[in-house]
Each structure stands twice: as C-alpha cells, then as structure tokens.
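The chain below stands alone and is given in structure tokens; this is the form predicted on its own.
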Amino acid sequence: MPDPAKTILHAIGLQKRFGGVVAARDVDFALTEGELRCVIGPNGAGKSTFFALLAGIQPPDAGRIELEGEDITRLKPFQRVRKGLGLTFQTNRTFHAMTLRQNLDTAGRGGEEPAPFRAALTAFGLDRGLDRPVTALAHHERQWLEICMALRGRPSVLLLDEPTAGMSPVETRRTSDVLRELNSGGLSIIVVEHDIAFVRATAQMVTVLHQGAIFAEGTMAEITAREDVRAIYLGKVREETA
C-alpha cells in the first residue's frame, strides 16, 4: 500500500519551453512510496515532455526533481537509472542482435536477481527460452523484455512511457496484471499512458495533464466524473502542441 508519509519522487515547479510553446508549466508532482500512478492527457497535453523531464532526456528551464530526497535534476538518464529510476520508452530499446539473456545481463547490477524482476520474467513467460534472439520475439514480448530489463536494475521507481502501445487487449490486460502485482509487492510505478481502459484497470491515482500543466488529480472514478476533464478529451478545450 502507498505510504502517504513518504514522497519518493518529487517534481517541483518544472518549466519547459520549445520556442513559443510552453510544454511544462510550473508542474508540481509527488509520487508516494508504493503508489501506482498513471499520467494521462489528450494529444498535445505535455505527457511526452513530462516523461522526458523525469527521465532526464530533456533538462527543465526551471524547477527541480528529487528521487528519494536527492536532487537529480541535472543527472543524465543513465545516472538516474543508477540512482534507482527504472525507465522504458515508447520506442523499444532492447538490443535486437542479442539474446534475451544477454539483454538482461546488460541491465544487471551484479549479485542476486531482484524478486520483482524474477516475478515479472515468469509472469510474462520470458523465463522460457532465454537464449533466443530478441528478433524471435513478438512486439509485445519485446515490450515486456524492456520492462524486465528495467526491473533487473533494482529500481525504487519504475517509469514507463506507453508500455502497452501496439498491444492487443489480451496483452494489455496481462501487462496491467503484472504491474499491479509488482506494485502490490511495494514497487512505486508511474505510467504515462493514453489507453484509458488500461488506466482504468491499473491506476490507483491519476494525474491529468493539459497544456503542459497538471489539470486534475484523483482516483479514476473521481477523474472520469469531472465534466471539465471530459471536455478536454472531447476537444472542447483548445490544446497547444507539446
């Protein structure tokens, strides 16, 4: 269960502009330890920019990011991974010329394999045939492999960018089941996602972005009950590109 007394990932006053476009507007975001949060928003809401700022792909123009109380604002993605931020991306970044085992070994930190990693590897069915080349995997299996690679590094927070993109409904449900199981074991998770069915099945809490700012936060039931959120998704509120 989430521990409301401990904020494990904290973004304070994040700002980012691309020319005349405000992609992140004074974003204050707090993830509590053990929470599973989904970040949603219509096209152009700033989801990709928010992910890029948390991951270290883009530097903020202002504001800071803290992981377990440590300022990581100026760290590169690989440095954030070493600090405990597990990352997966929209574009699959597994090494296709290597086997599953070799891919997983590249993500390891030595020592015993962490329990969340072993649990996910088994739940996704990837523990069978670890010496297969990645090229033999289907799209959804490559996505699952990337999640397992992130878990192999013993993250304190798992940050996923649209992990179910291109998956069938059955594959999406399985992904949701595994993430919820990992979270029940205490892992803190953020998922940037556009699939509302996945979010409904997965999230404990939801953050809605609109025009680069946090527009609403709450449970999925609270969010979907809000007329102003529905208006955004129906296109009744003008969107800026982010």
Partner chain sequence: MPQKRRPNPLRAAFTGPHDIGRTPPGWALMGLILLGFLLYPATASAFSATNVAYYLLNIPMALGLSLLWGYGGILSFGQVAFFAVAGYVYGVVAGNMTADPTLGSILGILAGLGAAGLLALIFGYFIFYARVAAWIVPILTLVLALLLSTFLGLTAGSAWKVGDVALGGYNGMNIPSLQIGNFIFQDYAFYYLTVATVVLCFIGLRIRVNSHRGQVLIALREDPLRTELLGYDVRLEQLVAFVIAAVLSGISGLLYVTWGNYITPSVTSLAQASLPVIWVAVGGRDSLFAVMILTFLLNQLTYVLSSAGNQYALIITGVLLVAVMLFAPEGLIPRLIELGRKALRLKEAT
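Quick caveat, the model's predicted, so the values are computed rather than measured. Residue numbers count along the first chain shown, from 1.
Separately, the form predicted together with its partner chain exists; it is not shown, and the next lines address it.
Undergrad: Although the partner isn't part of this model, could you tell me whether R82 comes within 4.5 Å of its partner chain in the model of the complex, counting any heavy atom of the residue?
TA: Contact with its partner chain, yes.
Undergrad: Indicate whether A55 is a 4.5 Å heavy atom neighbour of its partner chain in the model of the complex.
TA: Heavy-atom contact with its partner chain at 4.5 Å: present for A55.
Undergrad: Under a 4.5 Å heavy atom criterion, is A107 part of the interface with its partner chain in the model of the complex?
TA: Yes.
Undergrad: With a cut-off of 4.5 Å between heavy atoms, is Q102 one of the residues that contacts its partner chain in the model of the complex?
TA: The answer is yes: Q102 has a heavy atom within 4.5 Å of its partner chain.
Undergrad: Of R132, R93, H139, R74, which one comes within 4.5 Å of its partner chain in the model of the complex, counting heavy atoms only?
TA: Spelling it out, the residue with a heavy atom inside the cut-off is R93.
Undergrad: For the heavy atom contacts within 4.5 Å of its partner chain in the model of the complex, list the residues of 78-100 involved, in sequence order.
TA: F78, V81, R82, L87, T88, F89, R93, F95, A97, M98 sit within 4.5 Å of the partner.
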